[in-house]
Ligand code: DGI
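First, one chain by itself in structure tokens, the form predicted alone.
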Amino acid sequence: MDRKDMIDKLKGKLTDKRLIHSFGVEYTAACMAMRYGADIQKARIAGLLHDNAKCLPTDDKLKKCEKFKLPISESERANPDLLHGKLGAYYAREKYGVKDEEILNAITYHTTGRPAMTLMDKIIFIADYIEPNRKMIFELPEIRQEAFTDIDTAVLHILKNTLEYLDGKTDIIDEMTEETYKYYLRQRNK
């Protein structure tokens, strides 16, 4: 499926605001791919499709993951909106024709990260956080700079800020995000 067909399909699935965000992630991911020598087209596709399941009703995300036999963690069951990455990767493969595992994994882990992320995982994880249409959040200018100077520092910074933000807002913190943060903290301290 070409980009135009993907966009046409996304228009029926995403709000206008979410589509604009997806274009921003696609653009930022392409820029980061150029900077770090990753595949620009793969980064664009992953960026464009990363939130393709985001606008589904919360209950539907859980039901569809169960239907498609996708793994669901305790924190995802408690907060099914976290499932949009896994479900989005499934839809990218089944509805958008994406067969590339590197793209599918980047979509799967774009919200939580994962230990030992690939370069593409990091690019989509960061691009989702820093894209130009994002409202200004704590330390965003610094993270945007880090994204193009030290990708691992940017990953760690985003994880730290995310965990601090969630700690003040909810009792449910995704275990994958915590595990990823601890992994990159250990890497930094080696």
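All of these numbers come straight from a predicted model, not from anything done at the bench. The first residue of the shown sequence is 1; numbering continues from there.
The discussion below concerns the form predicted together with ligand DGI, not included here.
Trainee: Mind telling me which stretch in 149-157, 49-57, 63-71, 33-41 gets its heavy atoms within 4.5 Å of ligand DGI in the model of the complex?
Mentor: Selected range: 49-57.
Trainee: Is D128 close enough to touch ligand DGI in the model of the complex, meaning at least one heavy atom pair within 4.5 Å?
Mentor: It does: once ligand DGI is placed as it appears in the model of the complex, D128 has a heavy atom within 4.5 Å of it.
Trainee: Even though the partner isn't displayed, in the model of the complex is K86 close enough to ligand DGI, meaning a heavy atom within 4.5 Å?
Mentor: So K86 does not count as contacting ligand DGI.
Trainee: Examine K9 and determine whether its closest non-hydrogen atom to ligand DGI in the model of the complex is within 4.5 angstroms.
Mentor: K9: no contact with ligand DGI in the model of the complex.
Trainee: Whether L119 contacts ligand DGI in the model of the complex should be assessed with a 4.5 Å heavy atom distance threshold; does it?
Mentor: Although ligand DGI is absent here, L119 would stay clear of it in the model of the complex, with no heavy atoms inside 4.5 Å.
Trainee: Looking at ligand DGI in the model of the complex, which residues in 79-112 have at least one heavy atom within 4.5 Å of it?
Mentor: N79, L82, H84, H110, T111 sit within 4.5 Å of the partner.
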